[in-house]
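Next comes just one chain, in structure tokens: the form predicted on its own.
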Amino acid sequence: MLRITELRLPIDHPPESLRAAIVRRLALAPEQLADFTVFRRGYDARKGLNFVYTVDCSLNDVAAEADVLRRFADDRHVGPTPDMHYRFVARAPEGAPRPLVVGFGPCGIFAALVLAQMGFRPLVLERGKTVRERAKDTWRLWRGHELDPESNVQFGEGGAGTFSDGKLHSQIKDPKHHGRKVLTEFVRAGAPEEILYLGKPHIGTFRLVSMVEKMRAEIESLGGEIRFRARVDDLLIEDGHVRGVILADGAEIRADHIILALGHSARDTFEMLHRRGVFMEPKPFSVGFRIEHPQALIDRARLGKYAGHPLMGAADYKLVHHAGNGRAVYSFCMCPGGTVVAATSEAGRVVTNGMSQYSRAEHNANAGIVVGITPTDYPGGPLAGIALQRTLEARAFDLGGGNYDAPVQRVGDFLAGRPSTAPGEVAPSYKPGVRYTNLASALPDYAIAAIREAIPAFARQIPGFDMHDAVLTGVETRTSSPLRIRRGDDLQSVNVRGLYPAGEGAGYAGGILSAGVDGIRAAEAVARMIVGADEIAALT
């Protein structure tokens, strides 16, 4: 087959014009084109508004395809379709040891799924509850100010990504096309097929819940096992090799191959790993606020006359500003037509995140407006970033009134340096509730100064971004893990053999898709180690 990229058509083009565009692009007779599929569809608003397609097509005979490849040999937008079919690296031999997977978010789900599909019957240990149980616990916080530290937005089946916009795009390098495996498995579990070709696919919370359950059922049908409310409190390490785990209830589980698929909020587990001497290091992350605007304002700014077009949906944005004090300020996890949600996992702290349903039909757009920070801002070792997060989250808890309400401020007041006392045109979406205040003390001074400079700069790209009544909600602190658990090329911990740190918590992913990809890579690494390099070829 042949692949064509950067094929542009107006968004209102009739369906048959795509076939005609392929024929024109390849200089073919119409009858030579046998079939085509859309591999990717994005849009470009820089010169009008166009869909930008990547298509895979087949011709009626091999000689015609060879002729196209010859004629377009110097054209980087025409070439052979790459082989993206996923192939397992091994099959479990009889009597293969059972690997452990700690954590059942996107990374753990895909690590366990691929291990199960290869026949290794993984045992998954998840500290939280099943996805429907944790949904009920999460709603108790959002509706009633009641937090369960073991079952919330961060902990439980599906991980933090379950209560999010469900974005499935990433900028990671993926030479083996593992991302395609992730998307394909999601479709098998009930995601809309459009995620296979949309440039910025997303799923939304409600769909993710049922999908996670179906993926769990497949893992179990293949011999895997998932244990909930099974928090790992200690590691068994002998002579530099992991030999098992000890759970919170005292149970000991032996295993020589353990994938650590922790989320970025598994702070107590990070502390345990640090005590056990597992090598880790601090890494950069970001802190800031969520900002809310009317979605209609964003649609008009980004889509112009096409705002509200049924094929375009709710518009998003991606913004970056380099402030005069040397700080980078950027939008993070933009949620069109969504809500700001309570995302804490520890008592006495307020944390925010953004969430959307598949429809993205809520009144407000929201995004994190965050400032990059580095270990020089929080010296003190691998756990110092966690200490800073906790300090900022406790301050937000106090500013919000000490009951899990969040502190908020209207943008005009924030820019003017005065407290907000009442709502304006934009109603905050955060639940359980909000308290109007002054956010100047919610973040370090350098972050406040950088955000105050960035918002008017962003308004030059999106008119109205600095509208007086837009709402800032504090605080956004868990943009990514504040540490990295170092691993080698074989994906094992650099100083504890048999331990495979993976995913977002370990510092190797940032979102659902990249976490799933890293889970697949970790599963493959475990399979190679168990089977052995000399037997891989025979088993595959």
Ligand SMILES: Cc1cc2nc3c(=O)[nH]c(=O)nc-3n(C[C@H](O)[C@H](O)[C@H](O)COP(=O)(O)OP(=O)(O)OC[C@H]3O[C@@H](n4cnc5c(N)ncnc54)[C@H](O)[C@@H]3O)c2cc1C
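Quick note: we count residues from 1 along the sequence shown, nothing fancier. Just so it is clear, the structure is predicted and the values come from calculations on it, not from any experiment.
Same protein, other form: the form predicted in complex with the named molecule, not shown, and the subject of what follows.
Checklist entry - Among Gln117, Val242 and Arg521, does every residue place a heavy atom within 4.5 Å of the named molecule in the model of the complex? => result Zero of three within 4.5 Å in the model of the complex.
Checklist entry - Counting only non-hydrogen atoms and a 4.5 angstroms cut-off, does Ile258 reach the named molecule in the model of the complex? => result Although the named molecule is absent here, Ile258 would stay clear of it in the model of the complex, with no heavy atoms inside 4.5 Å.
Next on the checklist: Please tell me whether any heavy atom belonging to Arg98 falls inside 4.5 Å of a heavy atom of the named molecule, as the geometry stands in the model of the complex.
Outcome noted: Residue-level check for Arg98: no, no contact with the named molecule.
Checklist entry - Any of the heavy atoms of Arg91 lying within 4.5 Å of the named molecule in the model of the complex? => result Heavy-atom contact with the named molecule at 4.5 Å: absent for Arg91.
Item to check | Touches the named molecule in the model of the complex: Gly505 (any heavy atom, 4.5 Å) | outcome: Contact with the named molecule, yes.
Item to check | Residue (of Val102, Val350, Ala365, Val408) lying close to the named molecule in the model of the complex, criterion heavy atoms within 4.5 Å | outcome: By the 4.5 Å criterion, the partner-contacting residue is Val102.
Item to check | in the model of the complex, the residue from Gly337, Pro282, Gly161, Gly400 that sits within 4.5 Å of the named molecule by heavy atoms | outcome: Spelling it out, the residue with a heavy atom inside the cut-off is Gly161.
Next on the checklist: Quick check for you: of 442 to 450, 227 to 235, 366 to 374, 426 to 434, which stretch puts a non-hydrogen atom within 4.5 Å of the named molecule in the model of the complex?
Outcome noted: Going through the listed ranges, the match is 227 to 235.
Next on the checklist: With the named molecule taken in the model of the complex, which residues across 307 to 321 come within 4.5 angstroms through any non-hydrogen atom?
Outcome noted: Not one residue comes within 4.5 Å of the partner.
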